[in-house]
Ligand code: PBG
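One chain follows as C-alpha cells, the form predicted on its own.
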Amino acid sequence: MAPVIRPRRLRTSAAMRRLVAETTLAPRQLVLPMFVADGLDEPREISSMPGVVQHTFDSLRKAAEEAVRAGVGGLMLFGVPATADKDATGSGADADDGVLNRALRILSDDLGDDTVLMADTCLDEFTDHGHCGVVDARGRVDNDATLERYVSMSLAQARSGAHLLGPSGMMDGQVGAIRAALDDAGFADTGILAYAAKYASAFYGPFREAVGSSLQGDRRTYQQDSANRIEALREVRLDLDEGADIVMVKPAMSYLDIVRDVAEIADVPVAAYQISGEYSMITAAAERGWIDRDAAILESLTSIRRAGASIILTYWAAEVAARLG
C-alpha cells in the first residue's frame, strides 16, 4: 500500500512550522530610513505616514540609538532642508553645514562602527525644482552635470562619516563616477549601495511629504517604467561593472519578480526598499481594522526576503527588530 502523503504534518504546531521554515528574518537584515529636518524644535509627524516623523537632531540621536540597540543592520539618512535653502543645483547637499552632512557627523560621533551609517546620495530634497539632478534650459535633467554634483555630494558624505553611499537618482554612470572620486580622495573603504533598479512609482507619494519635495511633474525620464523587467537587469549589470558593493530594487512589494531576477544574477548583496506607500497602505488598512497589523508587517517583510533580498529598508525596522529579538 502506497504511503499517504500528508504535507500538513509539518504544519501541526508553531514549533513544527518554525523548525521547517524556509525563509528567516533577522534584525541585522533590516535598515531604518530616517528623516532629519532643519529648523524644528520638536519632531514633526508625517501625516501620510503615521508613526514616522521628521526628526530634530536631538530626536534623531535618540531614535538612532534605540534602533541600534534593537539590532537593526543600519540606518539610512535623508536630509530635509528649509525651503529657503533650496536652489537649482541643490547646494545644501554638499555643504558642510547642510542638514544631512551635519546629521551624519552627529551619528558618526555617537555610534561609530556600532551600525552601518548610510546616506541618501541624491539632490531631490535640496533642489527648488525637486528633481534628482541639475535641470537644463529645456527643463530636462542633465545627466553629466548631475554626476558632477553627485561626486561632490558623495565626498561630503564620506567626510561626514557615512559608511555606505546610496546614489538613488538613476543617472547613467553614477556608480562609476562616485567610485572613482572616492578612491582618488582616499575613501576606498566607503561603500556604494546602488539604487540599481528604481522605478517611477505611484507609491512614492507619502515620501514626497516626508522630504518636503518641491517636485512639479514626474521623474519618468530617468526612473524606470514599471512595465519593464529586462531593463532592470541591464541597469543592475552596469552598476555591478562600475563597482557597486550592494544593489537595490525600489520599490519592493510590487516588484518582487525584479528582486528575484536581481538576486539570481548579482554576486553582491541585494537590498530592497519597502517604500512609503507600501508602509502607508498596510498602516491605513490596519487602522481601519481590515487586516492584522503585526501579521501583515511580518508577512510583507518575509515575502521580500523570500524573493531574494538579504537587506530590507523598511520604516518598521526598529519595531520589527525589537520584536524578533
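From a predicted model like this one, the values you see are computed outputs, not experimental measurements. Numbers for residues come from their place in the sequence shown, where the first is 1.
Omitted here: the form predicted in complex with this ligand. The next part is about that form.
S.K.: So which of V52, I258, L30, I275 reaches within 4.5 angstroms of this ligand in the model of the complex, heavy atom to heavy atom?
M.R.: Checking each option against this ligand in the model of the complex, the one that comes within 4.5 Å is I275.
S.K.: Do D124 and this ligand come within 4.5 Å of each other in the model of the complex, heavy atoms counted?
M.R.: Judged by the heavy-atom cut-off of 4.5 Å, D124 is in contact with this ligand in the model of the complex.
S.K.: My question is simply whether Y204 lines the interface with this ligand in the model of the complex - judged by any non-hydrogen atom within 4.5 Å.
M.R.: Yes - in the model of the complex, heavy atoms of Y204 and this ligand come within 4.5 Å of each other.
S.K.: Do Q223 and this ligand share at least one heavy atom pair within 4.5 Å in the model of the complex?
M.R.: Looking in the model of the complex, residue contacts with this ligand include Q223, since a heavy atom lies within 4.5 Å.
S.K.: Residue-level contact is defined here as any heavy atom of the residue lying within 4.5 Å of this ligand in the model of the complex; does D120 satisfy this criterion?
M.R.: Yes, D120 lies within 4.5 Å of this ligand in the model of the complex.
S.K.: Using a 4.5 Å heavy atom cut-off, indicate which stretch of 60-68, 275-283, 39-47, 22-30 touches this ligand in the model of the complex.
M.R.: The contacting stretch is 275-283.
S.K.: Scan 167-192 and note down the residues that get a heavy atom within 4.5 Å of this ligand in the model of the complex; none is a fine answer too.
M.R.: If the 4.5 Å heavy-atom criterion is applied to this ligand in the model of the complex, 167-192 yields only S168.
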